[in-house]
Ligand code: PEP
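Shown here is one chain on its own, the form predicted alone, set out as structure tokens.
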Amino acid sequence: MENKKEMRTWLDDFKLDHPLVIAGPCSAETEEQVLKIAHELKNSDVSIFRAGIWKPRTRPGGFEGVGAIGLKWLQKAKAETGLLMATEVANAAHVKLALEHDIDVLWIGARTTVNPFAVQEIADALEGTDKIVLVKNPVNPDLALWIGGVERLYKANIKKLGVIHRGFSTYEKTKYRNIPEWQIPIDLQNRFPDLPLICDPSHITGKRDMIQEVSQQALDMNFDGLIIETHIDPDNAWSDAAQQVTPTTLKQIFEDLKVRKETESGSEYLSKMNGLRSQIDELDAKILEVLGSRMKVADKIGVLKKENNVAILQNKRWNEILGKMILEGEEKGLSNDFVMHLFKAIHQESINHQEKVVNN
């Protein structure tokens, strides 16, 4: 991936004065449904129309897509609206059919990204293509696996590459369907700044009333675009009904979203910002100093437990700490999710310190 600059040229070709928008139904259901949604989106900020043709389901028995017949509907929608067409591919057979029907954008889903063999099969089938290929993050928060998927495609001489952030699965109950873990796509963006990064707020939230909020968060972090599931009758959609919005709602979201400046400018702004960043730097140093002191206390606790042959993990004590910190965090304006993640990390580091003491 040495010449990463080539990756952004396909995005520049759109010549947009706003972030790229990909929109359309979770699943193509009927020809009429596909055409109606496409026509309602053609005079909007949408540049690419998306529709699932093959739908990987967690359990058998659910709607798994209309199959190849849906590709003909996409062809017709493209001819009538001029929108580019996009769909998900999970194997070489899907790729072959999508290319035969001149689909413009192909994306690899989260369940496929976790399987390097499947990604390699798709890369081989796409070798040298000039189609746009997007890679969704794997189901679990594994940055290396995500990057590996992109690299396999790049080595297959596919230059029009991009990534989609759709959040990560978790056993914890949160307000999200898939937790954003924003730091992971940020890390990817820092490593490959010229790789277009698109946010999928539909799959992150799982709820249509949160689409606006998460879309704005993504734009605030300089994401290059959005992919939003859109349906003429969301409540009766054949798949993922709760997270789809109507074309009218989508257009209102576009009006309400604010695109921030990408660069910092202005002497007064920079002066104030530098002052605030200096404060942040000082506080960060104090946080590390406090955490270092806390771990020294954890080491002493480890010595005491070793002397008295006491187990390292004390669940009752840990739950008391977590509950107390969540309450105190709320008083200080910190979200429950943040406090939980922070103190779980601190707790794990404390356990690691104590284990070194006890097992030395």
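Owing to the predicted nature of the structure, the values given are computational and were not obtained by experimental measurement. We number the residues from 1 along the sequence you see.
One more form of this protein should be noted, the form predicted together with the named molecule, which is absent from this view; the next part is about it.
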message = I198 versus the named molecule, in the predicted complex: is there a non-hydrogen atom within 4.5 Å?
response = no
inquiry  = Within 4.5 Å, heavy atoms only: does G323 come near the named molecule in the predicted complex?
reply    = no
query = So in the predicted complex, does any heavy atom of C26 sit within 4.5 Å of the named molecule?
reply = yes
key: Partner proximity in the predicted complex: R111 to the named molecule, non-hydrogen atom cutoff 4.5 Å   = yes
task = Quick one: find which of 47 to 55, 311 to 319, 288 to 296, 325 to 333 has residues within 4.5 Å of the named molecule in the predicted complex by heavy atom distance.
result = 47 to 55
task = Work out which of H94, R166, K160, R208 lies within 4.5 Å of the named molecule in the predicted complex, going by heavy atoms.
result = R166
remark   = Of Y176, W73, W107, F223, the only residue with a heavy atom within 4.5 Å of the named molecule in the predicted complex is W107
inquiry  = Each of E31, K78 and H101 having a non-hydrogen atom within 4.5 Å of the named molecule in the predicted complex: is that the case here?
reply    = no
key: Heavy atom within 4.5 Å of the named molecule in the predicted complex - qualifying residues of 131 to 147   = K136
